[in-house]
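One chain comes next, on its own, written out as structure tokens in the form predicted on its own.
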Amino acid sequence: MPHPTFHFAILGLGNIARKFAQDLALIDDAKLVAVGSRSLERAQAFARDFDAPYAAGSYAATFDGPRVDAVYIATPHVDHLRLAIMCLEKGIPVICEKPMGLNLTEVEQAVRLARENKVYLMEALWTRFLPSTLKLKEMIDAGVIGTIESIRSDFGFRAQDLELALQPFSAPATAPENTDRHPAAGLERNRILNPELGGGALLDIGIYPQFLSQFLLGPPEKIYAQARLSPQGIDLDTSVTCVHASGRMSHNYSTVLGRTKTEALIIGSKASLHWHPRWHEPSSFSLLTGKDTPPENFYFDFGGANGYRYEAEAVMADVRAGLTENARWSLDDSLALHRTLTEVRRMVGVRYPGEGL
């Protein structure tokens, strides 16, 4: 017997929200039924683009319309905890764009509320659900590369308005919902460079390399971190080396100073895996064995998807099964990851306004 259509809502209508909505349209039994923004005009335009029947001019009013089976939170980082709490208290399952919170304390608060209320919560670390990731993990578990000895991964691009990051600026009183740019003039338009919005390389893109190392090697036993900070106090260029169990190491690099290859190398005792650029997105990888053996390449048909459909389908299956968290990316996984990210920020000296680390 087919399932009834699964109803999604989206809060925050920037670039990532558009990609998520595009992928929902590829899922036969999923529908975007409501969108929320602080601008009714913006919400109505987004709803028209994606055939959503209900548009709200506030986040809270998003749930005054059709039934919602799960909500995707796609606002800037600084609003993630507040909106997750609002939804969890309403009993609405939540998939929250990464990072789930600005720091471990915020993530702990969201996880505690979800577990106390027995409401579904998942951090939207979409890379974990991609077919390329699943195949790579399958090969590692099967012993194809032997024991993982080391991991190296990176993610970098040049942020817009980077030259302004060398100058002081006056941040807006409230955070923009646009996940790319704010309509006001000056550096405050760019969430990545704005401490008021939880900016910086680490939480925005460095979370991916750190995820990979902990996904495959477990939480670190020692952390060594260095960063170049902007005058406003956010990290522009961040290097993290972790020592994991049995002395195995991971080398994780993120930057908003310029483009990197954004690739990953997983070095094993028998062979290595080269995850092609941009490894965190729908991509491919190669198995590297002997020096005289050609690489064995693995390619995947993503069916025109941006890559967000896989996490959406995982949430749908979980909620329909009555689960309150995901087995592949659990709340304990998020807690472990944010324990490391918070410690890295403490080490390099990144503090957001009103935050006490």
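All residue numbers are counted from 1 along the displayed sequence. Computed from a predicted structure; not experimentally measured.
What comes next is about the form predicted together with a small molecule, which does not appear here.
In the predicted complex, does each residue in the set 38, 59 and 79 place a non-hydrogen atom within 4.5 angstroms of the small molecule?
All three within 4.5 Å in the predicted complex.
Of these, 243-251, 103-111, 69-77, 222-230, which stretch puts a heavy atom within 4.5 angstroms of the small molecule in the predicted complex?
Going by heavy atoms within 4.5 Å, the stretch is 69-77.
Should residue 212 be classed as touching the small molecule in the predicted complex when contacts are defined as heavy atoms within 4.5 Å?
Close contact is absent here: in the predicted complex, residue 212 is far from the small molecule, nothing within 4.5 Å, heavy atoms only.
At the 4.5 Å heavy atom threshold, is residue 99 in contact with the small molecule in the predicted complex?
Residue-level check for residue 99: yes, a contact with the small molecule.
Indicate whether the small molecule has at least one heavy atom within 4.5 Å of a heavy atom of residue 348 in the predicted complex.
Outside the cut-off, so no.
So in the predicted complex, does residue 308 come within 4.5 Å of the small molecule, heavy atom to heavy atom?
Within the cut-off, so yes.
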